[in-house]
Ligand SMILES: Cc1cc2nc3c(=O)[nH]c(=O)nc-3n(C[C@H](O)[C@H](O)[C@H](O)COP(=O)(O)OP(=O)(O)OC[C@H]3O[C@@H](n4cnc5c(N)ncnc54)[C@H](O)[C@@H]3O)c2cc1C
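First, one chain by itself in C-alpha cells, the form predicted alone.
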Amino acid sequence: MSGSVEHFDIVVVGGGAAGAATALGLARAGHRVLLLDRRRRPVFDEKAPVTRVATLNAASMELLAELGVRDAVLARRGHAFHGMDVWDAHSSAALHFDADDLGLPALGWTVEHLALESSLWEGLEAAGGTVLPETGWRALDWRADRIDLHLDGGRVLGARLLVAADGAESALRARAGIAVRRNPYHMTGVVATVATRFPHQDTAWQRFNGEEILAFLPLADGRCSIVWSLPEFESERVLSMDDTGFSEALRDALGGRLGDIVSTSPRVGWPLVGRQARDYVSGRLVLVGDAAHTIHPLAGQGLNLGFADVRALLEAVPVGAGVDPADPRALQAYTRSRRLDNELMLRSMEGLRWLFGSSLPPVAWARALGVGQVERHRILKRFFALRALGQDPAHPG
C-alpha cells in the first residue's frame, strides 16, 4: 500500500476560515500542503444574499494581510466599523468605544465567511497548494513518520502533520481520542440580515437584557447582521414568528435604538456550547479553531481566537529542508501558548454572561458601578478595547 500513498508535508482537514488560513500560511512557508473539505468549493457571488458573517479584530486583519488576502476579502463586501455601543437594559451600565479616540483606523471589520473562505482557497492554489473539495476520509493509519488518510474515493494521503480544522464536533479529534470539556449554555444563537429605519452609523450595537444578548453588526450595504442569543424555549418562539412579529420583537429587543426593522431575511438558529479540548496535539495531529475550542458569541471573538491559533501554529511549525513539521516540542509549545489564552477567554465570556445575565439588584448595582468606572477611566477603557482588538495595550500596532 505504501507505493500508492500520495505524500504531503501537511494535510489540513476542514476548509473553513481557520483551516484554509492554516493551509495557506504553511504553503507560503514552503511546505507541500493539501486542503481537504467535504463541502463544495466556496464561491463568492456579489449578487447573492449576505451569508453568515464574523467580526474580525486588528490582529486577524493583520494575519490576512500577511497571507496576501486582506484586500480580496475586503473587496467582497467587507466593512470596517468605527464605533461600538454596549449597554444594559436593567441598569445604567453602558460603554461607548470610538476608533478615533483610540487612535485606530477601525474597531473591527464585518466580513462574510464565504468571502474569507473563497479568498483563502484561491490564495492557497496560487501558492501551490492543493485543494480537494467534496471529499471526505473514512479511515486513518497512524505510522511513526506520518498519518495515512484513506479517502472516500479510495485515494490514500500521507501527512507528516495532520491539522484538524473540521469544526466543533471534530471527527478527527474524536478519532485521536482527545477529550473535550463541554458546557452547554442552553441558549440558541438566532441570526438574520435586517434593514433598519435609522442608519447603523458604522457602529456595532449590543444590548444585554437578562439572559438575552442582542448584537447588530454593520454591513457595507447599510443593513445589519444580527446575532440574538436567547434561551432555548424563547428561541423556538422567535424562530416561529412571521416577519412582522420578528421585526417588532427585534426592534424592542434593541430598545428602538435603530428604529423599526423594515426588512428581514429568513432566520437561522444554532445551539450555543462552550468547548475546550483537553489537549491540542496528539502525535502528528494538531487542532485549530473550533476543533480546539468554542465560546459564547457575546463578544464576537470566536474566529479571532481561531486566527490566533493559526498565527501561533504558523510560528511553531519548523521550516526548512529535512525538518519534521510535526516536531513534538514545537507542537507542545503551540498547545501551551494557545490553550491557556483560549481558556482565559472562555472563562471571561462566561463571567461576563453571568454578570450581565443576573437581574438581582445587588448584581445590577455592581454592574452599573463597575462599567461606569471603565467608561469614565480613559486608560482602563483603552486597555480593555485594545485587548479585545487582539493588540498589546502597551504596544498597540
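All residue numbers are counted from 1 along the displayed sequence. Owing to the predicted nature of the structure, the values given are computational and were not obtained by experimental measurement.
Here the subject shifts to the form predicted in complex with the ligand, a form of this protein not shown in this document.
- This chain lacks the partner; the member of Gly274, Gly83, Gly158, Pro297 within 4.5 angstroms of the ligand in the predicted bound form by a non-hydrogen atom is Pro297.
- Only one of Thr135, Ser263, Asn183, Gln201 comes within 4.5 Å of the ligand in the predicted bound form through a heavy atom, and that residue is Thr135.
- For the ligand in the predicted bound form, the listed stretch (161-169, 230-238, 279-287, 249-257) containing residues with heavy atoms inside 4.5 Å is 161-169.
- Candidate site formed by Val13, Gly16 and Gly302: every one of these residues places a non-hydrogen atom within 4.5 angstroms of the ligand in the predicted bound form.
- The ligand in the predicted bound form comes within 4.5 Å of a heavy atom belonging to Trp270.
- Not displayed here, the ligand is approached by Thr55 to within 4.5 Å at the level of heavy atoms in the predicted bound form.
- Contact annotation: Arg336 falls outside 4.5 Å of the ligand in the predicted bound form, judged by heavy atom distances.
- Although the partner is absent from this view, Ala106 stays clear of the ligand in the predicted bound form, with no non-hydrogen atom inside 4.5 angstroms.
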